[in-house]
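Below you'll find only one chain, the form predicted alone, shown as structure tokens.
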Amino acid sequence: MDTTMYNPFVMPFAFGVVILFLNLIISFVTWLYNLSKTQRKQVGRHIISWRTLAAIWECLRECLLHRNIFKRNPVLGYMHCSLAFGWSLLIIVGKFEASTYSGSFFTNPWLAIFFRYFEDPSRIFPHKELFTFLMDFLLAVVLSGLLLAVIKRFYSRLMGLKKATRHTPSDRIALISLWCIFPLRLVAESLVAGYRNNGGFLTQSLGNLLAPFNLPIDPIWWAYSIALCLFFIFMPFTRYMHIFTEILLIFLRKWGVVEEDKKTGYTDVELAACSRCGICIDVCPLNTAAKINDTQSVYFIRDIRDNVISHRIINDCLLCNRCVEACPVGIKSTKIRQIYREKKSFENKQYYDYLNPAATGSTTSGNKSPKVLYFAGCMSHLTPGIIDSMKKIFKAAGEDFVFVDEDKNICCGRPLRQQGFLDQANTLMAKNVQLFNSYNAEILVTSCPICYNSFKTEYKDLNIKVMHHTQYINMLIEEGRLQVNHSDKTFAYHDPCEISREENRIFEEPRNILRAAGTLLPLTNEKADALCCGSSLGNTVLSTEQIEDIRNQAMDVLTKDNPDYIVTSCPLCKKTFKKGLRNGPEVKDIAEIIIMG
């Protein structure tokens, strides 16, 4: 160690770095060890492939440049980018400056962090002026982001956020430490510049102002080092753990790892990757309509990480996925909620006797081999107009079909899954797969988005193409098998949650159908940004009044331009809107619009 480049104030910084990296190593090793067997196979299969290069590129775009936040909120994006990318560049450029100064890349590890203190101003080294300018410029960029972060904390609406997230005590310590790091660095480097004249445009200017006061230098450098130490020590236990964890999350995703039904190490990675930016609060209908602002994904994740688990924080969620759609990190928070809802047994077993493999009921189709299976779904049976319309559509198209749940004795299993009965849902799904595959049909059509999402994403052994009835009707029209009469009616279309977000995104098919039938009105919230009707089967906590508030928020959007019909493609949404609209436009399913025309 070069004793000319050592001062005791470097020790808090060094101690904090050691503690931070010990925590990171322990956490990362634990998470990777707790991956499931399937997840570990995915990592092994893809770790040496182009996917790793894609992960590196994604880390640059998201962990440093924060592209997704930029797309949603440019000011918020700049704030995150200036802090993440700016600080990274301060470290990198500072390392090159210190190495160039010392003539060796392997310098004292703290030299780059405290360079201005140890620099001999009389010593000339290559590109000295350029390094000095760049370091001042990068510090100014980081300070501008820090200023925005302070504004966001106290005046969130100026940053485009209605609410900032609430912090835990450890979050506050880490936050205050972070807020102190760069102002203290500015003052420390400026004081040195005032005495030694080795600063840049920022530090030298401030140093010249401070020089007449003859302030001591070392105490400020001690404060800077201690602020770094505190931030590093508390980081693994706070929201700021996302800085490193998001990198691991991106690599695991690129290698094909996904969330499973049970908690794994990947679940912990997702939980730790949340930055608690607060974007999910503003898009959540519970907040915007029902005035509930303490159970959103950001708080659910926080409480799970802090092991403060309550029935309400787990269950007070619509599972509408608006938060997942908006999350810049793409954390599957609704999937994680379902994991933490897991229950082992039913309180009223007699209602679920059909899950018993020995229970009576057909598991084979008989001799008929139709082209299409039609699965209405539980909620469609409560709105029989949809089923009647689909039967007429099948007849008009000359379709060979079988109505597999006509006797109402089959459920897709998703309601069970949403309430945490994972084992029971899997048992039911296995029976359904056996039944559906036995028909050797080409297409399984369902009128329920909940059933569609379940069949499409959760039924792994289903040997049949799954279509929502909007996709099927649109296909019939395009093939010329179904004629639609154009009218002068106007339609406001509501995108159901289960088919409008994540990988489903059924947007154009229903719109093509409605444009063929009349005039489709544009809405302020549509497609992936559509509002939930409020009657989600995933929430067992909301009161009737809160559900109505959420429903009314969605209806305000749908009725704004006075359409002739409010159209949806979900029986639950139709039933909900119809109950709330006693006067005004009629509520119809898209299949009913076709038959009506």
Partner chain sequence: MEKFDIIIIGGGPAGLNAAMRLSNMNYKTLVLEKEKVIGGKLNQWDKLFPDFTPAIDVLKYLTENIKQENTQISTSTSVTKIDKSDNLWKVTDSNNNEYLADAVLITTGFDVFDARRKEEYGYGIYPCVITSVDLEKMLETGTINFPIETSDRRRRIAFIQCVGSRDEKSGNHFCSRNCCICAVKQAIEVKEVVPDSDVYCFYMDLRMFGQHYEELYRRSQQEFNVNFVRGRVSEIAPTFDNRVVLKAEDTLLSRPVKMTFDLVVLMVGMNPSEGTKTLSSLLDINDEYGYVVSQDEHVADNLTNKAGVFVAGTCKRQLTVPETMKDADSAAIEIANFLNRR
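In this text, all values refer to a predicted model and were calculated from it rather than measured experimentally. Positions refer to the first chain, counted from 1.
The same protein also exists as the form predicted together with its partner chain; that form is not shown, yet it is the one meant from here on.
Contact annotation for the candidate site: 153, 172 and 229 all lie away from its partner chain in the model of the complex (no heavy atom within 4.5 Å). Contact with its partner chain in the model of the complex, judged by any heavy atom within 4.5 Å, is made by just one of 391, 527, 305, 72: 391. Checking 465, 489, 381, 167 for any heavy atom within 4.5 Å of its partner chain in the model of the complex turns up a single hit: 381. In the model of the complex, no heavy atom of residue 129 sits within 4.5 Å of its partner chain. Although the partner is absent here, residue 123 is not a contact residue: none of its heavy atoms lies within 4.5 angstroms of its partner chain in the model of the complex. Taking the partner from elsewhere, residue 408 is found to have a heavy atom lying within 4.5 Å of its partner chain in the model of the complex. Under a 4.5 angstroms non-hydrogen atom cutoff, its partner chain in the model of the complex has residue 386 among its neighbouring residues.
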